[in-house]
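The chain below stands alone, shown as structure tokens; this is the form predicted alone.
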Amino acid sequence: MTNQTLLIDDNAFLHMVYYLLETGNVILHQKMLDVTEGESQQVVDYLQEFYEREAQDYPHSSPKFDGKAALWAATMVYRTSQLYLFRDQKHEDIPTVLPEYEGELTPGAVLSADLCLRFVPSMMMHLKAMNSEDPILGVLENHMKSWHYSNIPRLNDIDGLEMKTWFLSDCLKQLYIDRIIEHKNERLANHSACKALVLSSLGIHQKSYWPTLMIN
């Protein structure tokens, strides 16, 4: 066990991120608190450790971990979870609580942020079940248009998706195609940037693994 995981009981933010990544569950203890720089750094250190562990199974050469993107995504999930349980903010304040990412969208940023953003689609489903007009949903939808690798399980609107930057990395490109196939997202499979790659990855297993796939 690392020093970061030993500190989870003293850092509510790290506690949430640790259990989210290790178990898929969210644990919150109190209303939204300001996070110190030291607490944020502990979260970044843990996310980097997790990323490097997961990247051992990535295809090709994995992009460098991006701590800024990883921390932004973790903060997004942390605050979304708290807003779900403890809603004190006015509707117009939510975009400020859940701000857009201000860094460059690179393959390393995409994969680093995905450690936490991959849980956002299911969080959105829970929010929608509670209130389909919850203003948090609109904010999250807007974010996930940019971070669509993490939204592949529920991505339906593919108009205007930008793929070129993402596919600069062979690693991210293959992971993107693998996730399309895993979640059988037929709309994405028919995206002009993905068609040939999806068919190539499926190969002779297309009819057995994804028999309903129709490539236009």
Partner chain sequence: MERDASNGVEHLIAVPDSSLNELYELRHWPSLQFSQEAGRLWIKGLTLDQLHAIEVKTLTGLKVYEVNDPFLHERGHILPDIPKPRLKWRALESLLPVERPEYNFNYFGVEEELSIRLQRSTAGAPGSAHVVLLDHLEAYLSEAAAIRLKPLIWSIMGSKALLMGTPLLPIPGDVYWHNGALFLPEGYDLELPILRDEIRKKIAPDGNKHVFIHTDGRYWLASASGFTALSRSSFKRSFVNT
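Keep in mind that what you see is a predicted model, and the values were worked out from it rather than measured. Positions refer to the first chain, counted from 1.
We do not show the form predicted together with its partner chain, though everything after this point is about it.
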{"query": "Partner contact for Ile181 in the predicted complex: its partner chain, 4.5 angstroms, heavy atom", "finding": "yes"}
{"query": "Thr23, heavy atom within 4.5 angstroms of its partner chain in the predicted complex", "finding": "no"}
{"query": "In the predicted complex, Gly38 touching its partner chain (heavy atom, 4.5 Å)", "finding": "no"}
{"query": "Close approach of Asp34 to its partner chain in the predicted complex, 4.5 Å, heavy atom", "finding": "no"}
{"query": "Candidate stretches 40-48, 58-66, 159-167, 145-153 - the one whose heavy atoms come within 4.5 Å of its partner chain in the predicted complex", "finding": "58-66"}
{"query": "Contact check for Ser81, His126 and Ser132 against its partner chain in the predicted complex, heavy atom at 4.5 Å", "finding": "no"}
{"query": "Residues in 143-175 with any heavy atom within 4.5 Å of its partner chain in the predicted complex", "finding": "Gln174"}
